[in-house]
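In structure tokens, one chain follows: the form predicted alone.
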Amino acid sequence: MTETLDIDRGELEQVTGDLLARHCDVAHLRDRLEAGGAHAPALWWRLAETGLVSALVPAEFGGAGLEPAHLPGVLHATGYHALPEPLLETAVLAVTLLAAFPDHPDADARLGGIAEGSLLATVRFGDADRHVAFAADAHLVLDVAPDGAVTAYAADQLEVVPAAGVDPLRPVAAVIPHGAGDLLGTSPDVAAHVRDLAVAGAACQLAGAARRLLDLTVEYVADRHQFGRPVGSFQAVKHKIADVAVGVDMAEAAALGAFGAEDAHDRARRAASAKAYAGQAADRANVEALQLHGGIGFTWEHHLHVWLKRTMSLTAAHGTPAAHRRTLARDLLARIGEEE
């Protein structure tokens, strides 16, 4: 990573963290839960006004023209604050697909709409995705077929059937297209790139959510007292916290390094490794956070459940840790076979 890129990434992460701390706090999340809908137009407009939605949109279409390598810290912050908006789906995955076919007649309108915050989009990876995140809120769904064909469907060309997902702030739905849709083009390389971005992006968000679980737990055991001492002062509790912290540190390093990697083959391996690490760290953080919070951790009144559900939802998204480990193992065995 160059020094300039490192500085840009740090500044973007700081801006995102500050914005979400003010406008996506626990009160906002509870408001969305009570309203029965995750997406809030006012918050999305704030993200657009800040330039986060248009960061990857090419400059000729009204965006900043940045590269994915600028955004891993931004995605980590969205996980840390449990952002209930399709930032990964719209500002990263959909923008990358639309920008890959700039000669399409609607490229200008669609990318411009995303840049100004008036168009929400999400992505379905062919028949591999039973459920698509934020499909019910999206104006446009981009379908990526196994052969690399990318087809756009407007909302009125789809039947969207909401599913009973674990996280109501990251709603998922089954998507059934009607008609042929609008074929943008076919490119297996673009499709593979976007799949890798989806996996690595989910790993960044998952690492951020796991970090929040760790911070909430440290705060709780420092405040909660038993036998006249903070619960966190007991050695058994310290060991659990330390184990979670090591896992989260490793997951963050893997995820932040994987998102935006340029080499195609290395990019896929790094994305799979990052998602496997993040899933394992989040699962450990989930279990220990719930146990160390005691009975209060099970209740609706305590906000811990927001991040418990977010980590469960993200762990299942774009391939489970077990699925990615199998892929990595097959790749390793194949390379060993080639060398013998």
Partner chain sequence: MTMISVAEFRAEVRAWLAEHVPAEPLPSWTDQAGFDQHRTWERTLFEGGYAAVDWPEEYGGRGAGLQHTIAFAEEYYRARAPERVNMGGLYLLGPVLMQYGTEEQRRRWIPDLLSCRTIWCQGFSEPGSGSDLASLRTRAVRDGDHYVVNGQKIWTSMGGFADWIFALVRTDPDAAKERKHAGITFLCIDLRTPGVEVRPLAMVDGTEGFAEVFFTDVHVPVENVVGEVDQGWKVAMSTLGFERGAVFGDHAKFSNDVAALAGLVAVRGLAEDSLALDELGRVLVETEVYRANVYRLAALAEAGGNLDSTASINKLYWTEMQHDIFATGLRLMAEDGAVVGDLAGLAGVDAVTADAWRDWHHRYWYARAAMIFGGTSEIQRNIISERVLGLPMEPRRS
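Residue numbers count along the first chain shown, from 1. Keep in mind it's a predicted model, so treat the numbers as computed, not measured.
What follows is about the form predicted together with its partner chain, which we do not show.
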{"query": "Partner-facing stretch of 153 to 161, 264 to 272, 102 to 110, 138 to 146, counted where any non-hydrogen atom is within 4.5 angstroms of its partner chain in the model of the complex", "finding": "264 to 272"}
{"query": "Of V95, V172, A254, L87, the one that lies within 4.5 Å of its partner chain in the model of the complex (heavy atoms)", "finding": "A254"}
{"query": "One residue of I176, V166, A180, A222 in contact with its partner chain, assessed in the model of the complex (non-hydrogen atom, 4.5 angstroms)", "finding": "A222"}
{"query": "Its partner chain contact in the model of the complex: G232, any heavy atom under 4.5 Å", "finding": "yes"}
{"query": "is_contact(F61, its partner chain) in the model of the complex, heavy atom dist at most 4.5 Å", "finding": "no"}
{"query": "Partner proximity in the model of the complex: K238 to its partner chain, non-hydrogen atom cutoff 4.5 Å", "finding": "yes"}
{"query": "In the model of the complex, R330 touching its partner chain (heavy atom, 4.5 Å)", "finding": "yes"}
{"query": "Within 4.5 Å of its partner chain in the model of the complex: residues from 36 to 63 (heavy atom criterion)", "finding": "none"}
